[in-house]
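What follows is one chain in structure tokens, specifically the form predicted alone.
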């Protein structure tokens, strides 16, 4: 490739031809390396690029061609109109999780609500809820210290100063022992993919933290534990709300009713798939 924007983009698109988003990925990466907007690349296709910058761009293109998620290479991802830092210690936020947050906000208008975001990762759920509901008390829990560091940075950068971050394996531990029976809402985008699910081989997924994706032979191991542990934290008529696989709704409903929950309700994403579930803990 020569040293113009136009030629660099053509070369990169050819290198990324196996990806369905080859053109867009090339534009994102070049704009990132140059520190320019995508509009700038379109307006100034003959802009000259120095050799050092071209080398950096080539390295990123090769990494993307190898399957590294674009968000990891850029260092951030848009979620509900805000840019969140992400890296290999956190999942790449999906549009479906935005819909989960919107669903929670639609049915939870109560002021001074106490909420736990389990498996917070980059903090997109906890931070987005905190910014939308300033009166809520929100705890973001994750077993990964590296992921929590990213989430804390996102909270600071986006002004969600009230979120409390807790390094803990699951819902029950020393950090949450003082709030038994007093939590109004537990929300989560938990790991729910089965060990041998072919989705794990999709573009970029194999680079994401396996701990945040895979949950046993049937994908429900983490959810079973969460359903059981949440009963100790939720107040009477408190809600457990979480994302899951498109084909898991019926199994999860059975699991929740057997555990003593009531009013199980499934939510659909934009494509009509039932990938969200809400259940009420009646107390006792």
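What you are looking at is a predicted structure, and each value in this text was computed from that prediction instead of being measured. Residue numbers count along the first chain shown, from 1.
Omitted here: the form predicted together with a small molecule. The next part is about that form.
This chain appears without its partner; in the predicted complex, the one residue of 91, 139, 150, 104 with a heavy atom within 4.5 Å of the small molecule is 91. Contact with the small molecule in the predicted complex, judged by any heavy atom within 4.5 Å, is made by just one of 166, 131, 205, 212: 212. Contact check for residue 154: every heavy atom lies farther than 4.5 Å from the small molecule in the predicted complex.
Not displayed here, the small molecule is kept clear of residue 127 by more than 4.5 Å at the level of heavy atoms in the predicted complex.
Contact annotation for residue 190: at least one heavy atom lies within 4.5 Å of the small molecule in the predicted complex. Residue contact with the small molecule in the predicted complex: residue 97 places a heavy atom within 4.5 Å of it. The stretch that touches the small molecule in the predicted complex, counting heavy atoms within 4.5 Å, is 112-120, out of 154-162, 70-78, 167-175, 112-120.
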